[in-house]
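Next up: just one chain, as structure tokens, the form predicted alone.
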Amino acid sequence: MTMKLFELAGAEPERRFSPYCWPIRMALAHKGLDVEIIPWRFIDKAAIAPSGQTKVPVLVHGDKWLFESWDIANYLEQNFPDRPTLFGGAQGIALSKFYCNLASVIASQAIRLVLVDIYDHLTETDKPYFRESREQRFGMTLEQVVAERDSNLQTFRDGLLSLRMTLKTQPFFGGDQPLYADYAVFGVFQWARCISPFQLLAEDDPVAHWRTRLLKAFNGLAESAPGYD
């Protein structure tokens, strides 16, 4: 039974840019599971109404409508135990939850650097919703949010020190091979890469090297997505 995954898309259907959808795409590839990818946009609430909420990712498996990246990842682990593990055991689940929370923090900082670029890639029908909702959230215009991003970039990079220190001694947060902890954090950087030419990472940063390893994983699944380098 092929699953369906609703992913946030820009004006170009193949430009997928959610920091929470990409971890699930990587998790499905990790498990070797077939999935039909369905582009979804902010105003397409009716398409995912059976999930009982209004955000993606949404995974449909049979009669089940699943949402929230963390819950989807756990569902995949529990229902496909014969496939490669996403967490590496019970202790890995607990550690992965930490990385998921950390990814949310990094995303909340990164969005202040790429917000206008997201807007520029949306359909004309999505743009009014996005501008109104995000300007209400930040209490200023999209342009004001990113106005000082050049000067704020180093602060963002400095905040990645704990990731950098870990990746200096091992290729992935999961150790020798990536686990869901990697995919959760990778989602933020792949989101930014897909939607913005603004370079979040310096070329010599161990985090950038880790990102490259994941871009090339699963036969270049993430690297082949429309984006900026």
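In this text, all values refer to a predicted model and were calculated from it rather than measured experimentally. Sequential numbering from 1, following the sequence displayed.
Keep in mind that the form predicted in complex with a further copy of the same chain is missing from the display, and what follows is about it.
Annotation: in the predicted bound form, residues Gln91, Phe173 and Ala181 each come within 4.5 Å of a further copy of the same chain through at least one heavy atom. Contact with a further copy of the same chain in the predicted bound form, defined as a heavy atom within 4.5 Å, holds for exactly one of Ala29, Ile48, Leu163, Ile37, namely Leu163. Distance criterion of 4.5 Å from any heavy atom to a further copy of the same chain in the predicted bound form singles out Asn101 from the list Gln154, Asn79, Asn101, Thr123. For a further copy of the same chain in the predicted bound form, the listed stretch (110-118, 132-140, 146-154, 81-89) containing residues with heavy atoms inside 4.5 Å is 81-89.
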